[in-house]
Structure formats: C-alpha cells, structure tokens
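Before any questions on how it binds or moves, here is one chain, the form predicted on its own, in structure tokens.
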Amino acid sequence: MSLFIRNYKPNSLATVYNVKIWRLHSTAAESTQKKDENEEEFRVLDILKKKDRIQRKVTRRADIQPDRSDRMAPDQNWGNVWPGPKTFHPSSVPLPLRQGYVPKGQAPPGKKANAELMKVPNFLHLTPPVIKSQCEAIKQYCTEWPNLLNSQEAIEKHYPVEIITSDYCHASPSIRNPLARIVTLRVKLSTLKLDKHARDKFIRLVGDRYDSSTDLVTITADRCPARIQNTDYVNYLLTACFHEAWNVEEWEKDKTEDDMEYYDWNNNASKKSLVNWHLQKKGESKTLTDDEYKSFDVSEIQHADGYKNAVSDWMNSGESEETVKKYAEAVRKLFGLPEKKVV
C-alpha cells in the first residue's frame, strides 16, 4: 500500500497501469514472504517418530542377526576366536558364565553387561588345545633333550647352578606382580672346587646362606625392580664370593691356632697324643717335629678317623649330649673296649 500511495497521480492513464503493476508486485511479494514465514514458524522437529523408526530397525535387525555366541559351531577352532589375552567379551564366549555377588537365594548376574567378568584377567586364550597347537608350532625351534642328562645326578653335575623365580596371576590393573622380581640362586658348595682355606673363607663370607646339612648355598636378591637385574646381581654375588675366597691376605699367614675360627684336629695336640700313643703301642719311641706330626698319616691307625671326627665335632659344634656320646663311642673303638651297655 505504501508503494501505491507514493506513485499515485490523479487523471493519468499510466497511473492506472502503474497501480496495477505495483499492486500485483506487492501482492506477490507479500504472499511469498508469508509463505516463508509460515514454513519457518510451523516447522516441527519429529523426534519421537524418528526414535520409533530406529527402535523398529534395531528390533528387526536383532530378529535377523542373532548373537554371535549363538551362531558359533561346536567344532570351531577356538584359537581363532580368542587368539590372545584380552578383556572378556560376552558375544565371543558361547558359555553361560555368571559372576558377581547377589543376595542369598538369587542367581549371580549373567555374562551380558557384567563388569565383574571384565575386571579380572582371564585365560580363555590358553585352553589345552591351543597350548598343544602352540607347542607343536615351536617344536621346530627346539633341540632334543641330551641323552646323557638322564638323571638328576647328571643334571646337577653338568648344571650345578639353579635359578629359581616365580610368576603370579592376580586381580590388578597391572599384570606385573612386585614379587615376580625376586630371584634365588642355589648351588652346592662341593661343586665350586674350593680348597680347605677357600671353602672356610667362602662359608664365612656367605654366612647363614649356607646350609651344612644339604651343602647348599642359597642367595636371594630383590633390591632391583626387574627380574633380569636381580638375576645378574645374584650371579655377581656368587662370582665375587668365589674369587674373594681364594685371596690370601698377608695377615692370614701370621694366624696361629688361637686365632683360628674353627678347630683343626691336624694342627692340635689331640693328634700329637694319638700319634705318640700309636708309636708307643708299636714299641717305637722317637720324637717328631711339628711338621712331621702334621703330615703323619693316621689312616694306618685303626678307628683313628672316627676319633678325629668325634673330637672335631665336639670342639666346633660345642658340648652336647650327642657330641659327648659320639666321642665316648670313638674312644672305646680306638682302645678296643666293649660298647657300653644301655640299662
């Protein structure tokens, strides 16, 4: 209407046509504008109907494609389904597993949407058939067991050092257990080929790590964070003690019997008394030097070894009922006396 009023002139033919043109143009523009405004104003976001369509689509798809665990064949290769360690997946396991705490009288939750089954590590990838197939695959990289190692004695002879480690499986965010880093080395002292001085010094270096009843030296390391580091450390400790045991310090050469840490029967007066008694028994009266007493072979004296061991045990282990009884029996055998009767 504003355009019509602004361009209107009375008694003019062009004005009539102009009025018609402007009116038509104004009407068309207004109708188009109203149509666009109506569309913008009354456009509706159809959420409910779209959700219903998706729900029907999902339901229809579930009817067509069942769960994967229901479609698994009984004779399938399980190693292809679960080839390695991974989190529990209910659709891949055709077993009715249940886990979780529930009140008394109710069944535990099933495998679907079960967080308890996903918390702990599983061994579904290490079933007996899979382990058998893996062993068959690595056989080509293995060598046959040596025929000479057919007994435990032969193994200990050729491989005297034993390394002991432990592996753990536990419920934790990490599969590594701190106790798995502990390494224990075990070896028999007799396999180290030590002389008398080195053996005694080695035993004193290792302390209570040596068990005299089994002749085993046990060294344990857990100070390093990794197992391989502790393995290198126990090997280093064994090597260091072995070489240190062979070292003879200057002050060790000046040691006397009073300075010895143990009783040595060959260097003490007990051997001299036994040798003098043996010489008198044979009718030989002669005086021997200290070196001759030490080098005298007592194996020619009957029951001398038992007497030597009895005296050494008494002096080194201390006086006890057992050592005294052992000493009494050795003296009776040495002098040829009858055994003491137990009343």
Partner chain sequence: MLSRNWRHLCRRYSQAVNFRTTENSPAQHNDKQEGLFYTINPDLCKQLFAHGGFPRSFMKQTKTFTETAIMVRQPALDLLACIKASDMSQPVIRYVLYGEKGTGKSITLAHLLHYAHEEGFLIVHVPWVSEWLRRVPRHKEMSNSQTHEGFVDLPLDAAAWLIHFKSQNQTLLKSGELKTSKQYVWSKRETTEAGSPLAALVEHGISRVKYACDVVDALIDEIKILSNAKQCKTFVAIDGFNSFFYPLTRLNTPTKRKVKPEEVTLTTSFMKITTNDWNNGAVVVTADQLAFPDDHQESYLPRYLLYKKGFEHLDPFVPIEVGRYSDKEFISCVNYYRDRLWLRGPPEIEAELKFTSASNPYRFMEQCAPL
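Positions refer to the first chain, counted from 1. Computed from a predicted model, the values in this text were never measured in an experiment.
Just so you know, the form predicted together with the partner chain exists too; it's not on screen, but the next bit is about it.
Although the partner is absent from this view, Lys286 stays clear of the partner chain in the predicted complex, with no non-hydrogen atom inside 4.5 angstroms. Of the heavy atoms in Met260, none are within 4.5 Å of the partner chain in the predicted complex. The partner chain in the predicted complex comes within 4.5 Å of a heavy atom belonging to Asn268. Looking at Ser273, you'd find a heavy atom of it within 4.5 angstroms of the partner chain in the predicted complex. Three-residue candidate spot Gln134, His158 and Asp167; no residue lies within 4.5 angstroms of the partner chain in the predicted complex by any non-hydrogen atom. Taking a 4.5 Å heavy atom cutoff to the partner chain in the predicted complex, the contact residue among Ser317, Ser295, Gln280, Ser299 is Gln280.
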